[in-house]
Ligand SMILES: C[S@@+](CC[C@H](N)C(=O)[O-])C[C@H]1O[C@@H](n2cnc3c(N)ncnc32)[C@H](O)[C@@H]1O
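Starting off, we have a lone chain in the form predicted alone, written out as structure tokens.
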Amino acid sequence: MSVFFTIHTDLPREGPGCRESLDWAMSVAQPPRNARICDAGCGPGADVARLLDHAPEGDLLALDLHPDFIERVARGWAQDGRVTAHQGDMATPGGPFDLIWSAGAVYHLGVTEALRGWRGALAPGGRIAFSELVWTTDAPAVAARSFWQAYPAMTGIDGLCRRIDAADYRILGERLLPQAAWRNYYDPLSERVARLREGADAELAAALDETEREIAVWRAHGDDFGYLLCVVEPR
């Protein structure tokens, strides 16, 4: 098992998120009760249940490249015929879908590229809800800028809106995820790091150090950046 999965196996989430924000996005997207939904980059499936709450007569494709995540979703939803867990590339999800939901995963493709590619996967009237990392200040702390330099495409909110516009989509609603959404991800991750410290070999220790650095940057400078949750539709 890679050090990534040593740290991340069985965590409840693989990125910031919360029920309140998902409910808000669904109130904007308004999927029908029988919606066909794609959870693109689903991770361990943290959002599957709540998405189905908003489409109780629909079905959901949970899609991720990592087999460990897909196996977990498949086990957890084995008795529910509404859920299909599939290991595959979120760039080509199939469809047609009434809603594509992607929590913090579009950076793998690029926002403009993902939206352009998913246009053909949407049913008539279909919408996309996704979250993307943005700067929330023009002068972020040096430590925050240094850490996130690994993601050079990261911009402010205006820059993200321009990338959405470049894909020829309109924004129906947008809001930053609250700090509680970050705690939902980082609190369990921090506890996992602490448990793994004892007896960690050099490779794992280095990965734990980097994870702790990420959490420390958020705790010290979390007001300088955030995930913007956007609900969009093609023009």
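Throughout, we count residues from 1 along the sequence that is shown. Here the structure is a predicted model, which is why all the values come from computation and not from measurement.
FYI, the form predicted in complex with the named molecule isn't displayed, but the following is about it.
S.K.: Is R82 close enough to the named molecule in the model of the complex to count, meaning some heavy atom within 4.5 Å?
M.R.: Output for R82 is no: heavy atoms all beyond 4.5 Å of the named molecule.
S.K.: With a 4.5 Å heavy atom cut-off, would you call H66 a contact of the named molecule in the model of the complex?
M.R.: Yes, H66 is a contact residue.
S.K.: May I ask you to state whether G88 is within 4.5 Å of the named molecule in the model of the complex, using heavy atom distances?
M.R.: Because a heavy atom of G88 falls inside 4.5 Å of the named molecule in the model of the complex, the answer is yes.
S.K.: In the model of the complex, does L99 have a heavy atom within 4.5 Å of the named molecule?
M.R.: Result no; L99 lies far from the named molecule in the model of the complex.
S.K.: Within 4.5 Å, heavy atoms only, which of A121, A144, L133, L109 is in contact with the named molecule in the model of the complex?
M.R.: Among A121, A144, L133, L109, a heavy atom within 4.5 Å of the named molecule in the model of the complex occurs only for L109.
S.K.: Please determine, with the chain shown alone, which of 149-157, 136-144, 71-79, 99-107 has non-hydrogen atoms within 4.5 Å of the named molecule in the model of the complex.
M.R.: Among the candidates, contact is made by 99-107.
S.K.: With the named molecule taken in the model of the complex, which residues across 7-21 come within 4.5 angstroms through any non-hydrogen atom?
M.R.: Contacting residues: R13, E14, G15.
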